[in-house]
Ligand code: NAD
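Quick heads-up: it's one chain on its own, the form predicted on its own, in structure tokens.
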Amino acid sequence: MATQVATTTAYADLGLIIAGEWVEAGDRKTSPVINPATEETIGQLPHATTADLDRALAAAERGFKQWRAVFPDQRGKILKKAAELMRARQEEIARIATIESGKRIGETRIETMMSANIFEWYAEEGRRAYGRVLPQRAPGTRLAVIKEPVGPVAAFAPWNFPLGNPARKIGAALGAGCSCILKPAEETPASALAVARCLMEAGLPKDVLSIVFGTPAEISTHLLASPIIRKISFTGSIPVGKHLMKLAAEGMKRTTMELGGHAPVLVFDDVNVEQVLDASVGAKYRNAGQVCVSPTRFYVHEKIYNEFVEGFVARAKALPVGDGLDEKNQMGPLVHARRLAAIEGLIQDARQCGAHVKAGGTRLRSPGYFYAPTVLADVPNKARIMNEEPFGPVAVINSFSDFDSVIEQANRLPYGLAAFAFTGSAHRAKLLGEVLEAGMVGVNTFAISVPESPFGGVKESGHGSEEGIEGLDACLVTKFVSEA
């Protein structure tokens, strides 16, 4: 059963940030922000007008000229100061993120620290945007390759990591010397605003960063039509990503696209089943499964299949579900009612296709968008959930008998963001890293993201990477200078 505690107190003020200035709602259109654990309206979010967006674009153009001229070590000091402020405000920021996203407070505390670490990483890596000098071809000449910031960045961040996603996108842009206009998710606005406030208080020049909200299609169309924007960073669905790429193509703008996945998990018969189960259940139901790298399609060797299913079911049924501010809960609600309807549709279709519902499969009857941790077994490939990213608290478990067949199933879909495998064989572990088609592969671990590692996918899961040296490079252009 879901439990809840009062969460509507001490939320946050909502507004826009344009050219370093806080913008109130005034007579602007607004939309409600809902606490997904209680279904209460906790705030009214103002939407940017066309004039607001034009002001943000003009500020980004000015800010880019100013920020690119700041030496990297000085830019880094501001990013490091912002990181310090985030760490000092960990509890306050984590609480805001939990209230508006629903994820449990332990997760948002970690996410706050992760975001601070991202800023600190880019603070340092921005000092290492190295070029190179090429060998001469004639006396008295110099051939140099130089890295320069690409220009103002338009970034679009989803709600599932309301702190981490903005930090990734802003951190890369600022570390490279670019200005940025960020449109966070309307479901989780205060989290992104809290991140922006830390940067502003750390001394970021006012024109370098703007935060806007509104109807996604209207904002993206307006920003991407402007010649001021030179780079787009988007995290979200494949259809929207493809649409934004078409808009970006009109201006030959650089794109980084992280478009979700449907991660397979291969479990071989030479593992410690209990250890793998403990790790799998924790990873699967993190943020109620609303994670783009969430383990989703479990393929378990037939020798341990029944044991694995029974252990997964027992753990899923015992998982405490409720308001994320209650420390005892291990899973919170889905972010909005639309996710509930989507999960219900997938479960119903799976039943009709012959899948066995071993745990969950129902809403939890309390205020809030709670859905029971669910386990499906023996799910045929024709079921929608085997082909569509569920983005919810549903684990799908099927059996396999041989290596080649399970690799074929793992690589069957057009997704290629993350893949996981568990085995006791060192040789097989190396082979799995080679044959699994994903931008990130976890072998005997679900931990596949740190600030210094690239985060991104292949196939229809997108292109380009955030974090790591690749994330910085995505905001840089290469110039060749030949001096005679």
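Quantities reported herein were computed from a predicted structural model and do not represent experimental measurements. Residue positions are given as counts along the sequence shown, with the first one as 1.
The next section is about a form of this same protein that is not shown, the form predicted together with the ligand.
Applying a 4.5 Å heavy atom distance criterion, does residue 409 contact the ligand in the model of the complex?
Contact with the ligand, no.
With heavy atoms only and a cut-off of 4.5 Å, decide whether residue 302 touches the ligand in the model of the complex.
Looking in the model of the complex, residue contacts with the ligand do not include residue 302, since no heavy atom lies within 4.5 Å.
Check residue 237 for me: does it contact the ligand in the model of the complex (non-hydrogen atoms, 4.5 angstroms)?
Looking in the model of the complex, residue contacts with the ligand include residue 237, since a heavy atom lies within 4.5 Å.
Does at least one non-hydrogen atom of residue 389 fall within 4.5 angstroms of the ligand in the model of the complex?
Because a heavy atom of residue 389 falls inside 4.5 Å of the ligand in the model of the complex, the answer is yes.
Report the stretch among 266-274, 105-113, 365-373, 338-346 that approaches the ligand in the model of the complex to within 4.5 Å, counting heavy atoms only.
Of the options, only 338-346 has residues within 4.5 Å of the partner.
Only one of 216, 320, 414, 131 has a non-hydrogen atom within 4.5 angstroms of the ligand in the model of the complex; which is it?
Selected option: 216.
Of 76, 311, 158, 361, which residue is found within 4.5 angstroms of the ligand in the model of the complex when only non-hydrogen atoms are counted?
Selected option: 158.
Are all three of 185, 244 and 259 close to the ligand in the model of the complex, meaning a heavy atom of each within 4.5 Å?
Looking in the model of the complex, the three residues 185, 244 and 259 all sit within 4.5 Å of the ligand (heavy atoms).
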